[in-house]
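First comes one chain, alone, set out as structure tokens in the form predicted on its own.
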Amino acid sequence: MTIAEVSKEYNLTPDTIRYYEKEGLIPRVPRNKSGIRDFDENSCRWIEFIKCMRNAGLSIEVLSKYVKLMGEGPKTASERKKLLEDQRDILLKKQKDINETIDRINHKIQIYDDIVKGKREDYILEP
């Protein structure tokens, strides 16, 4: 696949894909006889993985470390596992915070629903 096709497929700009490659987040992308990137299935799997992890909030630094460890082979499996567990714990904390915020917003929406329906007149200005 060309970079334009990959860009469209994964909804990433070509510049972002080039940046990921430059930073070593995507192992070296094969090139055709003309020197143009020719993304294979493995390259696309890496792009999908990196996109997923970036969407989840993982930093370039963490991802770079992970990819570097992957390149070192099976001896780094426990270190890679620990890295992912740490990131999961961060995400679970964020999820908890988001769920608490959603609960608070839902509570506020319910108050406004009650006011609009005339079920509540004692509205006090509160955050």
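Numbers follow the displayed sequence, beginning with 1. A quick note: this is a predicted structure, and the numbers were derived from the prediction, not measured.
Note that the form predicted in complex with the DNA isn't included here; everything after this is about it.
Novice: Residue 36 versus the DNA, in the predicted bound form: is there a non-hydrogen atom within 4.5 Å?
Specialist: Taking the distances in the predicted bound form, the answer for residue 36 is yes, it comes within 4.5 Å of the DNA.
Novice: Looking at the partner-bound form in the predicted bound form, is residue 99 within 4.5 Å of the DNA by any heavy atom?
Specialist: Because no heavy atom of residue 99 falls inside 4.5 Å of the DNA in the predicted bound form, the answer is no.
Novice: Give a yes or no for residue 22: in the predicted bound form, does one of its heavy atoms lie within 4.5 Å of a heavy atom belonging to the DNA?
Specialist: Taking the distances in the predicted bound form, the answer for residue 22 is yes, it comes within 4.5 Å of the DNA.
Novice: Do residue 91 and the DNA share at least one heavy atom pair within 4.5 Å in the predicted bound form?
Specialist: Residue-level check for residue 91: no, no contact with the DNA.
Novice: Looking at 41-49, 60-68, 76-84, 91-99, which one sits within 4.5 Å of the DNA in the predicted bound form if you count heavy atoms only?
Specialist: Heavy-atom contact with the partner occurs in 60-68.
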